[in-house]
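Next up: just one chain, as structure tokens, the form predicted alone.
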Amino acid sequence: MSDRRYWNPKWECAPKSDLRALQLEKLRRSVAWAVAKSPFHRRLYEEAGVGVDDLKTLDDIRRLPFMTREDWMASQAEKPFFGDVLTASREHAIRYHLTSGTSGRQPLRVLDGGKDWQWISECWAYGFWGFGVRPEDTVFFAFSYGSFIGFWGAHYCCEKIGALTIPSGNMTTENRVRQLVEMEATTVCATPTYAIRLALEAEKQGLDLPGSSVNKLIVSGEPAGSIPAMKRLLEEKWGAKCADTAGMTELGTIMMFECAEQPGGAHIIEDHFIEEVLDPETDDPVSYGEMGERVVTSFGRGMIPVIRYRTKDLVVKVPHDHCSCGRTFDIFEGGIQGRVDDMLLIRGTNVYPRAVEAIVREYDEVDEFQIVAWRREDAIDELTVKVEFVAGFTGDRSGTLSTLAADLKRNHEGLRINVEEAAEGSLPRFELKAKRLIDRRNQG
């Protein structure tokens, strides 16, 4: 088997002019397909008064309307279960998935056809091959295999590559750790939070993960995978290189991956996606190195066209030459930096949960944490970070809390952020996406 099976220099190393020409051609085809087959998109484009003939250059993408989660959800509420976004009836679908959702909000329902799923697994193969997964690898998925799309596409990509693929389903954390060691897994896939939990469980059982056969840890689902302190902690606990990836149920698959060179960010799969970075208030494009909202156009999903979808993710795009791997795919520095809708305004200061986590993760003695926004009786907003120390920590707990509070204050324009100790085992643990932010300001 060729070592270049999932390395495609024609596009991964293509000149930018060739990539942009390919994107324009795929964009035109996607818009034509969406207007012809999807009532949702036909209505959207007719109301905007634009169509495929208006796409003369790639810059003309800005003439197209945005697709939003809110409009998509409204469509599904009006016409359960899938709205009028589909280009084919459900009889043509082979997969059904739900977004992870949040409390009090109906998740989106998505369907994929056979060709869609081939494309989904192929995009994952870009990322896994790029990080070094090969047919001789044994890949262990610490993932529940529910209706959340999670690592489903990654599972099938490993089968395409030819690696031995081990699903762990609803196994306990204890049994997962034992099995991945017994089966001599070389690659483990999990959320960053759950990867830490697995490592702590291994230590509890006396298993030597750094001395095991695991040499690659691939994480997804949370911004923490690109936080330097978290990545250092993961690599130390596992004795393996750690790569971040990012995908979305709405978009069907992985859109960015960290290659084996680990450039401090994730390559955008630019022959399958257009990733705009816009000012979330003005909708104007921002320059390289500036933070903005990801607006994504996906080319591979036929049953659900996704064109200029507002993700609400915050990113910083930098040129491809920030990495030495030879790919000409641009990079999202630091992966997903946060979310527009996660930003907290506390006494006039913007606070992003990812920025808080980046500071907390610098403290090895902290096992788990939670961020709580609340409102005092005098209507003043407060932010409290609850931290749970690692089991057996015998150091200066009050001193650590004070130092952490000072670090948080220094990095948030002098904003006082309360730091409190939580009892051991009192904070929730997560297997899928961690939800550490609790906003109580409008409760009661």
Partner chain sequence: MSDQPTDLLGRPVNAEEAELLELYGRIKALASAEGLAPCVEKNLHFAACALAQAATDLGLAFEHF
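Just so we're clear, the structure is a prediction, and the values are computed from it rather than from any experiment. Numbering follows the first chain given and starts at 1.
There is another form of this protein, the form predicted together with its partner chain, and it is not shown here; the text below is about that form.
Q: Where does its partner chain sit in the predicted complex: which of 298 to 306, 278 to 286, 225 to 233, 328 to 336, heavy atoms within 4.5 Å?
A: Only one stretch passes the 4.5 Å heavy-atom test: 298 to 306.
Q: From the list Gly114, Pro135, Pro319, Pro80, which entry has a heavy atom within 4.5 Å of its partner chain in the predicted complex?
A: For this set of options, the contacting one is Gly114.
Q: Could you work out which of Arg376, Arg410, Arg29, Arg397 is the residue within 4.5 angstroms of its partner chain in the predicted complex, going by heavy atoms?
A: Of the candidates Arg376, Arg410, Arg29, Arg397, Arg29 is the one lying within 4.5 Å of its partner chain in the predicted complex.
Q: Under a 4.5 Å heavy atom criterion, is Trp124 part of the interface with its partner chain in the predicted complex?
A: Close contact is absent here: in the predicted complex, Trp124 is far from its partner chain, nothing within 4.5 Å, heavy atoms only.
Q: Is there a non-hydrogen atom of Gln118 within 4.5 angstroms of a non-hydrogen atom of its partner chain in the predicted complex?
A: Residue-level check for Gln118: yes, a contact with its partner chain.
Q: State yes or no: in the predicted complex, is some non-hydrogen atom of His272 no more than 4.5 angstroms from a non-hydrogen atom of its partner chain?
A: Yes, His272 lies within 4.5 Å of its partner chain in the predicted complex.
Q: Flag Ala21 as yes or no: does it have a non-hydrogen atom within 4.5 angstroms of any non-hydrogen atom of its partner chain in the predicted complex?
A: Residue-level check for Ala21: yes, a contact with its partner chain.
Q: Are Tyr145, Phe148 and Lys204 jointly within 4.5 Å of its partner chain in the predicted complex, each by at least one heavy atom?
A: Zero of three within 4.5 Å in the predicted complex.
Q: From first to last in sequence, which residues of 218 to 251 have any non-hydrogen atom within 4.5 angstroms of its partner chain in the predicted complex?
A: Residues within 4.5 Å: none in this stretch.
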